[in-house]
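What follows is one chain in structure tokens, specifically the form predicted alone.
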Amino acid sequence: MPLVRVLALVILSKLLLAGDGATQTDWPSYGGTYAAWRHSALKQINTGNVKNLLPAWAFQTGDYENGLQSTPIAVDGVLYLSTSNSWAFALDGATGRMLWEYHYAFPADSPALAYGRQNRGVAVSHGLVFLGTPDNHLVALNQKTGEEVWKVNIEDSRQCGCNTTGAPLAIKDIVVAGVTGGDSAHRGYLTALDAKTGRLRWRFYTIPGPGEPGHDTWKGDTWKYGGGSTWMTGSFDPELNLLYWGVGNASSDLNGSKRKGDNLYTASIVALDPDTGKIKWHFQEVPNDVWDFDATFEQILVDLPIGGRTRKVMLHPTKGGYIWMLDRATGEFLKAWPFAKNINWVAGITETGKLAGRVEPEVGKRKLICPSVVGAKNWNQGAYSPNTGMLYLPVQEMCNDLVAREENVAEGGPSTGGNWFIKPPASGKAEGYIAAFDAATGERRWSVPATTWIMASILSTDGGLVFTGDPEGNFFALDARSGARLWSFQTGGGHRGSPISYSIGGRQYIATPTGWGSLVGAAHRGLFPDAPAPRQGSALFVFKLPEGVR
């Protein structure tokens, strides 16, 4: 590899790992850095002056389908933003002036999507902006002009019933894209493309084929249509040279009778060699998943004192209401602890990481399961602060009745194997809140209730602040140590995306997407019938301190 290219990749890796997982001037990746802390080392905006925070500018995207679920990427003073219909924008980070825009052109025969089009972000690397599409393409755009450089059809979405909705992850000289399809008769995978050319470098199938280790955990031909989607964004440890990705539920979701066995590698964390796509280790959290409890959410890479010594660990919050802690070098299970109050799908998790006291759905019979299919948390990410040692999570306390059913499905077709009927827990009230936990012990330090629930990601900063937004349109800041509410601004649109922080010319900015949407967002009215409906929209709001305030 040419020396210049090697140096460029080294600089990129250092940028993405600045501050051992905290971002600095830029916000260069989906989770902030490869470690997915969603924490900024910037502290110009702090607990003492956040009350003075004012809007700097706002940008309307014009794409209002499913709101704005994206995470902006900030590189060298420019923000890169994507929308549900795979539009992409480059914006001046100080003024909001649009530098370029790109609208993905869907083919005339592009299939309609049952849940609408969705997109959660882009990746930026090698002078390119990488964008996934609802018809399962990955597009590379010129970072300076927005012109299309290459476009790859990952797989025909008309056959697989899958899409590329999550943000890609650019590492080394590749870009890695996940895929949906966990709720359809589809075999999941993870795809790595050459960043410069778009040529296939490797593909890892999340369900082992004949002759591969783990194939015997599937009965008959069920491996061909067993789900195992990779729909969210993974993490990367350059020191260990390991790529981590979460794998979704098995299909059909609620009926495991035809796929008896553990069903590897569904509901698992897999660690891959990024150069070859070969698996190095795996840990399955939910063998034979029959609740739709994906393992696809953020993998937070942090070094913590465990058992009297510092360990390289991964913290993995899940829909099932548990934080799983693994040794990220080996995949060894270290501990698991609940972060939600209403959990009954299992009686607990053993000291060796096994599920105890499973409550299985039954064909034709309603069974109350907590948490609900929405999850004790959804895909919106939590944040880790190295200053407080706390993990901040958006938590939902909801349950559902599950009814399994028998069904015949076609390849790529829907394959849920049952129905969900979301309802409040036994307390009689569905609720949401932000909770702070000691990242090493799991001890809950504080919680702050939401009017309804929190379905936006969380941002923490060295200014001692935690930022997020609610469905009612309020974007607000909490004291990271106490949870006290210090500032709020009404944006006029519900929050379903991910706030970030960046700096230009020595001035710190806070940016947040606004605009309610997504399949889960549509459940709001049924869960909170007395609350105002969240406002739609698709705008980026950016805040800063007034001139002279530091």
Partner chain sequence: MMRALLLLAAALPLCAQDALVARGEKVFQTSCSVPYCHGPNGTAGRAPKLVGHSFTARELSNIVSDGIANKGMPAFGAQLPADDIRAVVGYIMTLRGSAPASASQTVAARTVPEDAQSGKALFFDAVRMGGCGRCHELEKRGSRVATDLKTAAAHTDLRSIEVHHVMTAQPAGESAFPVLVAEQSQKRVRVFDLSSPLPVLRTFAPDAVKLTAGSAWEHREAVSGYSDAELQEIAKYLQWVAAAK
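What you see is a predicted model, and the numbers here were worked out from it, not measured in a lab. Residue numbers count along the first chain shown, from 1.
One more form of this protein exists, namely the form predicted in complex with the partner chain; it is left out here, but the text below deals with it.
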{"query": "Residue 420 within 4.5 Å of the partner chain in the model of the complex, heavy atoms", "finding": "yes"}
{"query": "Residue 156, heavy atom within 4.5 angstroms of the partner chain in the model of the complex", "finding": "yes"}
{"query": "Contact flag, residue 109 vs the partner chain in the model of the complex, heavy atom cut 4.5 Å", "finding": "yes"}
{"query": "Residue 187 within 4.5 Å of the partner chain in the model of the complex, heavy atoms", "finding": "yes"}
{"query": "Whether 86, 172 and 309 all lie within 4.5 angstroms of the partner chain in the model of the complex by heavy atom", "finding": "no"}
{"query": "Selected contact from 183, 462, 262, 431, since only one has a non-hydrogen atom within 4.5 angstroms of the partner chain in the model of the complex", "finding": "183"}
{"query": "Interface residue in the model of the complex among 337, 115, 446, 333, criterion: non-hydrogen atom within 4.5 angstroms of the partner chain", "finding": "115"}
{"query": "Stretch in contact, per heavy atom within 4.5 angstroms of the partner chain in the model of the complex, of 124-132, 320-328, 337-345, 192-200", "finding": "192-200"}
{"query": "Residues within stretch 509-534 having a non-hydrogen atom within 4.5 Å of the partner chain in the model of the complex", "finding": "518, 519, 520, 522, 523, 525, 526, 527, 529"}
